[in-house]
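Presented as structure tokens, the chain that follows is alone, the form predicted on its own.
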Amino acid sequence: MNVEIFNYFSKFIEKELGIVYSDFNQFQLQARLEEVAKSLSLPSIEAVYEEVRRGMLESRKQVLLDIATNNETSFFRDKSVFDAIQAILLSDLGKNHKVKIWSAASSYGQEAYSVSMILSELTAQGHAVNGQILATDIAERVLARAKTGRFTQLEVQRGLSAPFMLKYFSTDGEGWWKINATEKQRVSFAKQNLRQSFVSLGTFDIILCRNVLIYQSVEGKKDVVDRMAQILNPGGYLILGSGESLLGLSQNFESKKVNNVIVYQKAALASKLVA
């Protein structure tokens, strides 16, 4: 792939999704564009380039954007984060109302369903914590899979213990593991581009935006975080990936350590939470 085509697609994808492809990961963009060409029955990346420049049909453009995103995930990815989420749910935040949780860039839904399993565990332990989870992604193909609640053997084994697999999933006779109805019903799915307004999503008590901002420019990160702050309820939490930080990005949050995990609480009404 020549420099002109790489620069064109890196700028195109950043404009559409906010995802930055630098010279360092040119090989990754090339591999994804080769997959786009194959999916669209085009002979080469150059042919994709020519079609985009002419004005690609929206349905074919969606294929390009779907493949340009990173959908790597697993159940209970970084277990310490989910321990922190459980502690937050058991705090004053989880009392007397239904906690609204947004799993942003949710991919195939493992993160959202993991939170739902936590809620089921708390219910079984006698804690009156109710939750509603919205999972969003820009990629329509992964959303379609996520909505089914069906996962391969390899997918359920990534992050789930054998007891949790048996407790919260059943096999369908075709090699798929399907999450139980109770956990599935707590989660709704919607298409959402992080570059676009969040207002229609409503407000939330917890927003999970993990391993997403690392692909954005500094200005893109600031924009996403500021708009997330606007739809967080007073005292609500923003949870990032373990290698991510709000340092230098926003004044709307206070950092908190919960079970040795750094989370960010909306600053206006930051409340005490035992670490």
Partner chain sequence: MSAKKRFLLIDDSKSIHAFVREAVSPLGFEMVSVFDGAQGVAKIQADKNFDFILLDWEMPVMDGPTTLKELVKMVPHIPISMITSKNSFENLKEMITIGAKEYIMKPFTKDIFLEKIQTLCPVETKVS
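Everything numeric in this text was worked out from a predicted model, so none of it was measured. Positions refer to the first chain, counted from 1.
Below, we refer to the form predicted in complex with the partner chain, which is not included among the displayed structures.
Asker: At the 4.5 Å heavy atom threshold, is residue 181 in contact with the partner chain in the model of the complex?
Answerer: Close contact is absent here: in the model of the complex, residue 181 is far from the partner chain, nothing within 4.5 Å, heavy atoms only.
Asker: At 4.5 Å between heavy atoms, is residue 123 in contact with the partner chain in the model of the complex?
Answerer: Heavy-atom contact with the partner chain at 4.5 Å: absent for residue 123.
Asker: Is residue 177 part of the interface with the partner chain in the model of the complex - any heavy atom within 4.5 Å?
Answerer: Flag for residue 177 set to yes.
Asker: Is residue 145 part of the interface with the partner chain in the model of the complex - any heavy atom within 4.5 Å?
Answerer: Heavy-atom contact with the partner chain at 4.5 Å: absent for residue 145.
Asker: The chain here is shown without the partner chain. Which stretch in 161-169, 187-195, 109-117, 86-94 comes within 4.5 angstroms of it in the model of the complex, by heavy atom distance?
Answerer: Among the listed stretches, the partner-contacting one is 161-169.
Asker: Select from the listed residues 157, 80, 130, 203 the one whose heavy atoms reach within 4.5 Å of the partner chain in the model of the complex.
Answerer: None of the other options qualify; the answer is 157.
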